[in-house]
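Here's a solo chain for you in structure tokens, the form predicted on its own.
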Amino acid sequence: MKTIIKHNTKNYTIDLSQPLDISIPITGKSTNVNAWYVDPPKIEPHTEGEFIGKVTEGASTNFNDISFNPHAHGTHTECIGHITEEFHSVNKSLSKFFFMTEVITIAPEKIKGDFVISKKQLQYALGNKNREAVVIRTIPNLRDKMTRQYANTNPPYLLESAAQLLVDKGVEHLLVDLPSVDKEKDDGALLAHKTFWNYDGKRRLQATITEFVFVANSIKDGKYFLNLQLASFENDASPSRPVLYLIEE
């Protein structure tokens, strides 16, 4: 199933039957990816009196209650409402869902004991390319990212200058395979978040950050179309399913 997308003045062909899903699903298991010191998500049958919402327990349907935190338990997309006193919903901030995207791979460099993504690294990876969205895959890139327990591990993060470079290049949607674009314990500074959303200036209300993606090694660096799918939660963040489509030559 192929389609032609006209972007700016150029036509591109993608195959909609060949999606590349880069999301990490939420499970009800203790092995679910996790960050921010919270318990694992729960997916369990609803119970009320003698009723148990499970076919194997005599119910006519499976009827589960689900408890999770979008920031801690899997791929999610967030808007500026994540860091503001006033409420902003990602369900309102994101009004378009297809974007020209660049996938890049970065080996975080060690600076003052932390592994970070620097402006210099992004400049080298992106060159003069201008994209609506950028997907950052960090290496090493092992499948244990799908189940890693990140609390108290000080994962890699973006330097403030790296976030500013993305803003300067017009990137509206940033996707990373990390639990956060900021340092795990930064005393609430949130430098990369605030820079990307231009918190102290004319705020970029339409911009989004997606964390906890997993980009398989079989997906090469380069240009793709991104379909950024959200669950319709009126919240600062929502579980999301970013899907890449390879552009045919």
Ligand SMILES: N[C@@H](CC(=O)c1ccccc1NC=O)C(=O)O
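Note that this is a predicted model, so its numbers are computed, not measured. Residues carry their position along the shown sequence, with the first being 1.
The following text describes the form predicted together with this ligand, which does not appear among the structures shown.
At 4.5 Å by heavy atoms, is each residue in Glu78, His82 and Pro179 next to this ligand in the predicted complex? Checked in the predicted complex: all three residues contact this ligand.
Can you pick out, from Glu57, Asp221, Asp186, Glu44, the residue that has a heavy atom within 4.5 Å of this ligand in the predicted complex? Selected residue: Asp186.
Note which of Leu190, Ile52, Ile26, Ala207 lies within 4.5 Å of this ligand in the predicted complex, where distance is taken over heavy atoms; exactly one does. Result of the distance check: Leu190.
Given a 4.5 Å cut-off on heavy atoms, tell me which of 70-78, 161-169, 87-95, 140-148 is the interface stretch with this ligand in the predicted complex. The contacting stretch is 70-78.
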